[in-house]
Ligand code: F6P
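Just the one chain here, laid out as structure tokens, in the form predicted alone.
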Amino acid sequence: MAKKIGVLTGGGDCPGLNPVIRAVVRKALNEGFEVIGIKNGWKGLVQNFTQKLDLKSTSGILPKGGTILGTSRTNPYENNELLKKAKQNFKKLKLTALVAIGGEDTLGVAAKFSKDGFPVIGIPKTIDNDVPLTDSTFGFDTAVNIATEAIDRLHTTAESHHRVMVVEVMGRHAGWIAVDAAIAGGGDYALIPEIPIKIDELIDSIKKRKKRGKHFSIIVVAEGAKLSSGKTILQSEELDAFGHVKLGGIGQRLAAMIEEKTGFETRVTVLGHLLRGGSPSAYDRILGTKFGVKAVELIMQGKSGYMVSLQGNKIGAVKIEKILGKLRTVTKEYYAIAEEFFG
């Protein structure tokens, strides 16, 4: 019987997904495997919607953003009917193993599938960089570069018009993008989910900058940042298949408060999905390639239920179950580096 590896990408798209797919295909073919792409995440496994992956279908995808396989937020464990179809199709496809590329939700499903006896290897993906037990996830470097370029551009118009510019970036539970972009782009403040926003302190700092002759400010805020009341600003309270609400709006709320309390004209730029789109950076292409190769190596070793991870300068692996229910968040020590340049 032919050895066959399935590949799927789930959750939000991310620069670097295509380099991972390409690496899995290259390594797998070199080792004598067939490769099948599962279209649109776990939804494709439920619907048995697939495509053959080979050298031709993966040629030229290294610099492309997004994912050639498509994605979704389908959760097969949402009900028994979806789960039954997904498991039947796994068997029907006669997969030796499945490579599931995604964040905490996709990996959570992967862990359950492995526990149910289906061989699965996970690859961590998120621009938020909040997956634990890996020093970095691909897509994060690209997102920080995009945010940094945006801040660089906003500096000139903020200074010209004597305005406060609020830059809202992604970051549901972790503020890595906001902190790193603020450091790299010379932002004056970084507001993150890990630390409640103390609006009075922020207003006071902006006023102090004005007294020093600084008639503009750049404030970088993560979408999941909370006011000191502890309330998260939402676009919608409707839940997706994994129980997540749609975040967004903290930038607008913050801008209104700043303008009212300081008299500074304040504008908001929401980078949103711009951070997830476009060509991946060289670093993310390389990291994604290393992750893809390692995933196939783990399959060849007969492993299941493991997630590929970056540990220092080495590519290793950890049991997926060890990362579930946890987040890699910004530490006080790391945030303190950015604070040195605030105000």
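So that there is no doubt, residue numbering starts at 1 and follows the sequence shown. It should be emphasised that the depicted structure is a prediction, and the values quoted were computed from it without experimental measurement.
Beyond the structure shown, there is the form predicted together with ligand F6P, which is absent from this document and is the topic of what follows.
*Asks:* Can you work out which of A225, V166, V179, M170 has a heavy atom no more than 4.5 Å from ligand F6P in the model of the complex?
*Replies:* None of the others qualify; the residue that does is M170.
*Asks:* Could you check which residue among I250, L191, I127, V99 gets a heavy atom within 4.5 Å of ligand F6P in the model of the complex?
*Replies:* Going through each option in turn, the one that passes is I127.
*Asks:* Only one of 171-179, 156-164, 115-123, 204-212 gets a heavy atom within 4.5 Å of ligand F6P in the model of the complex; which is it?
*Replies:* Checking each option against the 4.5 Å cut-off leaves 171-179.
*Asks:* Please check if R73 has a heavy atom lying within 4.5 Å of any heavy atom of ligand F6P in the model of the complex.
*Replies:* R73: yes, in contact with ligand F6P in the model of the complex.
*Asks:* Would K294 count as a contact of ligand F6P in the model of the complex, using a 4.5 angstroms cut-off between non-hydrogen atoms?
*Replies:* Answer no; every heavy atom of K294 is more than 4.5 Å from ligand F6P in the model of the complex.
*Asks:* Though only this chain appears here, would R276 touch ligand F6P in the model of the complex if you measure heavy atom gaps against 4.5 Å?
*Replies:* Contact check for R276: yes, within 4.5 Å of ligand F6P in the model of the complex.
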